[in-house]
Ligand SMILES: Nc1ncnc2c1ncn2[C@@H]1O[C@H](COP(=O)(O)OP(=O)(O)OP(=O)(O)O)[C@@H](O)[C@H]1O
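Only one chain comes next, encoded as C-alpha cells, the form predicted alone.
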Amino acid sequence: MFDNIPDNNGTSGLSSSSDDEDRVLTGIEGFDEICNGGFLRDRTYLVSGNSGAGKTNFAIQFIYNGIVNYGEPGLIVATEEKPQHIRENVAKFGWDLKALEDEGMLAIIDASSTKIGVPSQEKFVDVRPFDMRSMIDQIITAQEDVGATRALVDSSTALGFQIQDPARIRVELLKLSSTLEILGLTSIMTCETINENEVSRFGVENFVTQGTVVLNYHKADNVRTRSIEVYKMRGSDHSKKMHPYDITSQGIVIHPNEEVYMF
C-alpha cells in the first residue's frame, strides 16, 4: 500500500539554486521546490504518466502560469485533442485559454483535426499528414505571432504512433526538442505510459529531452494514490524522492515535504 510519510527534517533536502542559473518558474505549487527552483530556461522536458495522472493538466498549468503570473507568452501544440476540448477541459480550474488567445498571449496549434479528417476553424492548423518540418513551421509562425517563450507539445505519443519506427521516433523527437530549444522556448512534451515501470511510451522519449518528470496514478488495496518523481534533470539538482500530489479545483498541488512509499 501507499503511505504519505513526512521527511525527517520536513524539507525536500535541496540546496537553493545557483544565482547564475536562469530558471523558469512553473508556478505549480510545490514543484519548483522539488526541482531546485524550476526548469532551466530554453530546455525541453518530458512529462510522462499513465492515464488519469494529470499530464496535460500539469503541462497546461505551466503554460497558463507563465502567462498570468510571469508575463511569458506560450504556445500549445495539440496533437491528440481538438483545441476546443482542451479549452473546455481546463476551464474547471478557472483557466480561460480563449481569453489569453484573444489577448495575444497564447497560441494553440491544431495538429489533430487534419490527421483524423475533420475540418478546423482554428487560427493555427497543421494541415498536412504528419510531417515534422510542417509542424516546426507552424510552431515558428505561432511563436512569432505571440512572442512565446514557453511551449507544450501534447502529446509526443501521438507523434510516435504516426512515425511507428522507434529509431525514427527518436530522430524526429530529437529534431523537435532541439528546435524548440534553439527557438528559445522552455518546453514540455507529454507522453503516456502503460505501467509504473515505464518512463516513456516508446522507450526513447526520455533520451531526447533534458529532463523527465513522471506522474503516477497508483492503485493499491482498492485505493488510488498520485505521486510525482523528478526522474531526470540534466544540469540541476532535484529531489530523488516520490512526492504525493493532488488535483484540486485550482490545478495540481504537490506536497514537497511528504514522500510516497510502496510496500
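Heads up: residue numbers just count along the shown sequence, starting at 1. These numbers come from a predicted model, not from an experiment.
Here the subject shifts to the form predicted in complex with this ligand, a form of this protein not shown in this document.
Identify, from the list N65, Q210, N216, T56, the residue with a heavy atom within 4.5 Å of this ligand in the model of the complex.
Only one option qualifies, and that one is T56.
Just give me the single entry in E172, E192, E101, E122 that has a non-hydrogen atom within 4.5 angstroms of this ligand in the model of the complex.
In short, E192.
Contact of I247 with this ligand in the model of the complex (heavy atom, 4.5 Å)
Yes, I247 sits close enough to this ligand in the model of the complex that at least one of its heavy atoms falls within 4.5 Å.
In the model of the complex, does F93 come within 4.5 Å of this ligand, counting heavy atoms only?
F93 belongs to the contact set for this ligand.
Is R226 close enough to this ligand in the model of the complex to count, meaning some heavy atom within 4.5 Å?
Result yes; R226 sits at the interface with this ligand in the model of the complex.
With a 4.5 Å heavy atom cut-off, would you call N69 a contact of this ligand in the model of the complex?
Looking in the model of the complex, residue contacts with this ligand do not include N69, since no heavy atom lies within 4.5 Å.
Option from 31 to 39, 56 to 64, 194 to 202, 227 to 235 whose residues, in the model of the complex, bring a heavy atom within 4.5 Å of this ligand
Stretch with heavy atoms near the partner: 56 to 64.
Suppose contact means any heavy atom within 4.5 Å; which members of 25 to 54 contact this ligand in the model of the complex?
The stretch 25 to 54, when checked against this ligand in the model of the complex, contributes N50, S51, G52, A53, G54 at the 4.5 Å heavy-atom cut-off.
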